[in-house]
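Next up: a single chain in structure tokens, the form predicted alone.
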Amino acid sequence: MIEKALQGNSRYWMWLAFLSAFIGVGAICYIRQYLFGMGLTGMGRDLAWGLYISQFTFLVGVAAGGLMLVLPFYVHDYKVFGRITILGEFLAISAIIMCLMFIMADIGQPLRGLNMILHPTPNSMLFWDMVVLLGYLGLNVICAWVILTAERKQVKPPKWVYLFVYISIPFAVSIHTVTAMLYCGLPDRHFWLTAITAPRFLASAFAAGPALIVIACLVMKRVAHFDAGREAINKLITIIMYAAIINAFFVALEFFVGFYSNIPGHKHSLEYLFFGLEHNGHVYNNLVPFMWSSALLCFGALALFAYMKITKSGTDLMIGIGCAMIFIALWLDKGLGFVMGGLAITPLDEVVEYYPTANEIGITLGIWATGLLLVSVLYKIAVGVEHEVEA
């Protein structure tokens, strides 16, 4: 089946070449960081994490979002998702590989990653995060490839593969739950010290992942003649709406805890993110525009989806815009705000703002381009098999 990735028109190869250019830039930036050290980043003593870990946190959710296709199709026998379930599994593979690349970029020297395997520490959440990430990656590779091969041969998948499918369901939940525990297990960072972190992560994951899949389906409908079906798209939009509303509710709960209860640790971080925080005569507000943009995009997308539901209308363009708004909103919320908001207020009650360097941005763009290239190739294979079966 791999040969199908090598068959495409000029637009397909131009797209891969475009992504390869960013991958090249990212590789050059990473070599610079490898040679000169983490001093090339905007991180420091009070900012142990930065753009790399924030992207890792967001992409874990994108990977977990594939559960919203696997669970209805394999457990509840919801046949409408039959054509796109493989897309969720392939998206999870690409997202997990991107997560691992961001971790490698963050630890500086790649060989340090072997310490997790050579010197395991089961009392550390980082160890369990590695276990569930690698486990979920392996499960998706096995399930997706075996099931797609069976579909190409037009036979039923072997029964043993369904055991791996069912095991992948709790793994999908666990990858984001364990990631959340990395944050809420740090008592000196008050903004993260809340039991609602894991549910909030899962809610945002179940909106961001399906939103990206819907966008991919709309793109492939135009360029690859792959129609996922309006019923499947509408059902995904419903899932996205519920998940985004639940995520917004959880954010509102954080505001209640911080402002009504007047807890400084929560209140100061929320003030810094949404209104700017005055400290020692200086106002720190570099993330305020991003957080308000996130809120406006989220509620704007929900209003657009509600309009389409009420009027029983909605074009592919409207659906694509709404899903893009949700995806960007959640990226701003979790890919920037959550991590930076918790780090900006130090345990010594000082405010330290983070600004990523050009080198960090270059590596980040390179990793994102790698993920997009990988998912493009995997989707090309899936669509090629689908067309072969139809023929």
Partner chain sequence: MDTQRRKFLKMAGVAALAGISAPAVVSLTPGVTRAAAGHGAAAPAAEQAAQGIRLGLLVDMRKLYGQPELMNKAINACHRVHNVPQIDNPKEEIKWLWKMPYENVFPENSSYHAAKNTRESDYLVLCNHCDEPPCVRVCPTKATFVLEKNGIVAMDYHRCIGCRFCMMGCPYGARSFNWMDPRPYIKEFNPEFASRMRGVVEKCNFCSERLALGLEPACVEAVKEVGAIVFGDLNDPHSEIRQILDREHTIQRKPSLGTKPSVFYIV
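Positions refer to the first chain, counted from 1. Just so it is clear, the structure is predicted and the values come from calculations on it, not from any experiment.
There is also a form predicted together with its partner chain; it is not shown, and the following applies to it.
Novice: Could you tell me which of 146-154, 235-243, 207-215, 102-110 sits within 4.5 Å of its partner chain in the predicted bound form, going by non-hydrogen atoms?
Specialist: Only one stretch passes the 4.5 Å heavy-atom test: 102-110.
Novice: Can you pick the one in Phe305, Tyr272, Trp192, Phe81 that has a heavy atom within 4.5 Å of its partner chain in the predicted bound form?
Specialist: If I apply the 4.5 Å criterion carefully, the residue I get is Trp192.
Novice: With its partner chain left out of view, which of Leu71, Met116, Leu277, Leu287 would have a heavy atom within 4.5 Å of it in the predicted bound form?
Specialist: The residue in contact is Met116.
Novice: Whether Gly42 contacts its partner chain in the predicted bound form should be assessed with a 4.5 Å heavy atom distance threshold; does it?
Specialist: Yes - in the predicted bound form, heavy atoms of Gly42 and its partner chain come within 4.5 Å of each other.
Novice: Within 4.5 Å, heavy atoms only: does Ser293 come near its partner chain in the predicted bound form?
Specialist: It does not: once its partner chain is placed as it appears in the predicted bound form, Ser293 has no heavy atom within 4.5 Å of it.
Novice: Within 4.5 Å, heavy atoms only: does Leu182 come near its partner chain in the predicted bound form?
Specialist: Contact check for Leu182: yes, within 4.5 Å of its partner chain in the predicted bound form.
Novice: Is it the case that Pro120, even though its partner is missing from this view, gets within 4.5 Å of its partner chain in the predicted bound form, heavy atoms only?
Specialist: Yes, contact at 4.5 Å.
Novice: Report yes if all three of Gly37, Asp188 and Glu350 come within 4.5 Å of its partner chain in the predicted bound form by some heavy atom, otherwise no.
Specialist: Spot residues vs its partner chain: full contact, yes.
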